[in-house]
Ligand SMILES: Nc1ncnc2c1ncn2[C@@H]1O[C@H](COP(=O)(O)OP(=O)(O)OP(=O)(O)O)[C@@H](O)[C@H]1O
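Only one chain is shown below, in structure tokens, and it's the form predicted alone.
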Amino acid sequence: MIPSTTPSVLMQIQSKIQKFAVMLSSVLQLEVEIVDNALFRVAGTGVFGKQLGQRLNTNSKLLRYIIETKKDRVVTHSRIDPLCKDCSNKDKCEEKAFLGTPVIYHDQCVGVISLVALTYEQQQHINANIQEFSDYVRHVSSLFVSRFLQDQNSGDNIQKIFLTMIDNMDQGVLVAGNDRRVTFANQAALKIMGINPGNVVGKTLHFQPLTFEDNFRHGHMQHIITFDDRKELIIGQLHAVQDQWLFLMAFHQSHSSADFSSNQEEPQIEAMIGECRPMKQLKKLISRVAPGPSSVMIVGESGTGKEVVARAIHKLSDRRAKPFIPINCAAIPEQLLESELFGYVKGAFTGASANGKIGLIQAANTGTLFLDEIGDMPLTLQAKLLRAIESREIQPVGASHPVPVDIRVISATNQKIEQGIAAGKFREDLYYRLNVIPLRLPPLRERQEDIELLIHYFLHLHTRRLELVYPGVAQDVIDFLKRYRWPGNIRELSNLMEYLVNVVPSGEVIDMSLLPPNLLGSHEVAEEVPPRSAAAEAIQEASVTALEGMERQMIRDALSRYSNKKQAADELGIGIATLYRKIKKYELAGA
């Protein structure tokens, strides 16, 4: 509710400032809170979007400090900062980091814009960009105050400020309407795509994500962006902001050599990540056989994702709303496997539950039963399983009457069942019952085209799960991993990516130095990259030093000509945040 006293200058334009807060939050990927100089909450996102118009009564020492001093305030680690010392809510505080910037109007502080980190990833995001965020928010806050307060009747101000914010970013950004027609592209986006504004503004874009997991809907993903007859593979995030779409490109782009010009109207099966020829053929086959009731046997090496395929078949079948029961035949001790599969009745054996137990086959009734590592099933149970499939009924241990069941069986193995049949370890009649539709899952070494796609898939998965900053990947790392033979298949690649996101410095690029020594020295690599000679290394180092010297001098000259750093950045053709980073790198603060 709006306070009963005379509204502050910010509260008078509260609805516009709320829109501004939402846009700023989307652009910087942080929560935003805006208060006026009387500590009334004018706008906010997330948890700060509640109780708008109400006064903050407690724990506002940070905000009071900014209002009184008219200075920025950064808290990189809440709770241990001196200004947090007397906070009564310190032990329960969910804010991990804070950056507050005063809003100055006619030399008075009329409010505070706060960027708040609530997750570890956001905390690192603030800590790695303190100066850039502070300068950026101060710049755009002066814009929105001057434009909003001096001309409140113009309805285009919010859009102008939004585009100004985006144009000052080093991160590539595309803005599109609800019809996906591009209304704006900043310089960073144009540079990444290698085009000029006339090539994309006004064009309708189609975004096709190459991963389909729901939890990646708002994270970094590889997207095929299609417009006219062009296809671009860009890593980024797609967000709905107000009545527009915002595509935020990742700082680190990876240029895949995969061919995405082929027909994209192929089956898009969730969690089955792959665009190589064998995977496309497998997806087509799965989409054809999934709706039927026939048994399926998936053959593939350990770690290739056989259960992922089984679940995909279940989701595409008429049984999708019914149970999917997975059983690893190699993981359950032989003496327990029968009772686990078929269940038992009260008093069936010593130690049995007083109420009996429903078996996993009966639990899968009307649904799908997935028997992993079927080649390890004991011969005695194979006969009972065959009878259950043929008669559609099971006999729990100790029961006098069979129980009808309606199941579809999907089995999987990494063994050559034919050898087990020849050795008398697997029933031939059961094999033919299970192998009605055989599916072969290719090992990762046969899916070289998918390596880069899978690298980014697992980077997305693990950075979001661990709340870490999404890193880039050096091209020589990708080339090396494409040559690696992957004896552990998909599981090994996932484990490697989890290791790398834990050891790479926040926001930086994964390079060869971070790869585990056992991987670099593995005999599983198809060919070694010839090491560069000491002379070549010296030449490269000299070249880099010379280029840095030239860059330092160009920045010094531009700063000497312009007192306004924004003008200096424009002349150099870089963003203001990049300029500040370069000034810090070359120690030009006094230039």
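In case it trips you up, residue 1 is the first one in the sequence shown, and so on. Everything numeric in this text was worked out from a predicted model, so none of it was measured.
Beyond the structure shown, there is the form predicted in complex with this ligand, which is absent from this document and is the topic of what follows.
Asker: Is I104 close to this ligand in the model of the complex, meaning a heavy atom pair under 4.5 Å apart or at it?
Answerer: I104: no, not in contact with this ligand in the model of the complex.
Asker: Please tell me whether any heavy atom belonging to Y484 falls inside 4.5 Å of a heavy atom of this ligand, as the geometry stands in the model of the complex.
Answerer: No.
Asker: Hey, in the model of the complex, does V308 get a heavy atom within 4.5 angstroms of this ligand?
Answerer: Yes.
Asker: Is Q12 close to this ligand in the model of the complex, meaning a heavy atom pair under 4.5 Å apart or at it?
Answerer: Outside the cut-off, so no.
Asker: With this ligand left out of view, which of L439, L454, L248, C329 would have a heavy atom within 4.5 Å of it in the model of the complex?
Answerer: Contact residue from the list: L454.
Asker: Select from the listed residues K322, R180, R491, R138 the one whose heavy atoms reach within 4.5 Å of this ligand in the model of the complex.
Answerer: So the residue touching this ligand in the model of the complex, by this definition, is R491.
Asker: Heavy atoms, 4.5 Å, this ligand in the model of the complex: which of 185-193, 272-280, 395-403, 425-433 makes the cut? Say which one.
Answerer: Of the stretches listed, the one contacting the partner is 272-280.
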